[in-house]
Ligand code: CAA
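As structure tokens, one chain now follows by itself in the form predicted alone.
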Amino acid sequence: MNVGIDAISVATAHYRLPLPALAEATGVDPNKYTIGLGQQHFSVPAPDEDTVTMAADAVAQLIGRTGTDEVRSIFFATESSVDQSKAAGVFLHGLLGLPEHVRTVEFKEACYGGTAALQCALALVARNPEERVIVVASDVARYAIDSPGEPTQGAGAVAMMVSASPRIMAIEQKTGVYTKDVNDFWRPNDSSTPFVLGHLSMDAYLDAFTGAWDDFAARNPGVKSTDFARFVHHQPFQKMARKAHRQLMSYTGDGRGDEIIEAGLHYSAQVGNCYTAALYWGIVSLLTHDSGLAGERIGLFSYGSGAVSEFFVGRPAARYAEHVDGAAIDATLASREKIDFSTYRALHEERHVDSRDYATPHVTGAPYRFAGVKDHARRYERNKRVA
């Protein structure tokens, strides 16, 4: 029985900042960002947007195509959680008016959380093929001003309907996993931005890749990297994915170059780092930019700092291209409002870090918005400006 991704949709934030604008304002050669990192823009949330509103946008698109019959679980993956106790998926559930008879939980392990949620969803559907599971990964990557991570910020969500007999991509059962306690990236409870050790983070990423590959190979005797037509690697920025790919090619003796990952990199250069959603933006990018992959094996590498990783395999369905709307995604990205450096910095500094009452200005053009805080509780609502 095939189990996997039956439908998929994406959402991002209201604003975009071109990386050359950040470079010019901070005295950096723009090529360091556009060529060195491989990034062109990053998405910036409006004051009335967050992980829940982006997730709601993505899930609303998803269920508009699939309905909610036999949806018994909602798994929300994020490392930009809006509450220390209540799952972001519960806010989402109420905002969208989803069925009551579902389990709703939140997954966290840095950028790996989306894959943890997906794997749990696959297992549930394999146990009961009549059920379906909504998996949504949504994050805002926000780094300290003037830090090395600032140009790698971003925001976005990906929602997936997991089912038997998937129309987009089946996921193979055997995977390779790896965990090692590494302080390469972390965000304490009292900090609104993470602490990052850049060189250690890259080394941890590469070590986790070969570690997950070794476990995968041990569980799949005789497997070779040449068995895979394409790869999609976790992509906080393009250079990191390219380094991972070259590491695997060197490690396995595979002589192929970056041409087998290119189709999966288009969107990350436009939205920036989406943490738990980053790999899945890459998968959507691959499926919208390469229409000849039906039945092929696609190698997928998921990584979360700290560090946890997994190598797993997807096989696109026969007519997958009919179920991923690249034109709509391009239109979404093009519709973002371009902002200048000073506007971006003001938005970055305006973020609330307490639970005192406040109302947010009405900015976003998305279908759902974060209205503010009242009596210490976050309030969400449909956007009355959207038909």
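Predicted model, so just to flag it, every value in this text is computed and none were measured. All residue numbers refer to positions in the sequence shown, first residue = 1.
Beyond what is shown, the protein has a form predicted in complex with acetoacetyl-coenzyme A; the following relates to that form.
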Answer yes or no: in the predicted bound form, does acetoacetyl-coenzyme A come within 4.5 Å of a heavy atom in every one of 20, 344 and 347? no
Of 87-95, 122-130, 257-265, 147-155, which is the one stretch near acetoacetyl-coenzyme A in the predicted bound form, taking non-hydrogen atoms within 4.5 angstroms as near? 147-155
Residue 216 within 4.5 Å of acetoacetyl-coenzyme A in the predicted bound form, heavy atoms: no
Exercise: residue 209 in contact with acetoacetyl-coenzyme A in the predicted bound form, heavy atom 4.5 Å: no
So in the predicted bound form, does any heavy atom of residue 275 sit within 4.5 Å of acetoacetyl-coenzyme A? yes
Does at least one non-hydrogen atom of residue 143 fall within 4.5 angstroms of acetoacetyl-coenzyme A in the predicted bound form? yes
Exactly one residue in 311, 205, 231, 107 has a non-hydrogen atom within 4.5 Å of acetoacetyl-coenzyme A in the predicted bound form; which is it? 205
Only one of 26, 31, 335, 355 gets a heavy atom within 4.5 Å of acetoacetyl-coenzyme A in the predicted bound form. Which one? 31
Using a 4.5 Å cut-off on heavy atoms, what residues in 104-122 are near acetoacetyl-coenzyme A in the predicted bound form? 111
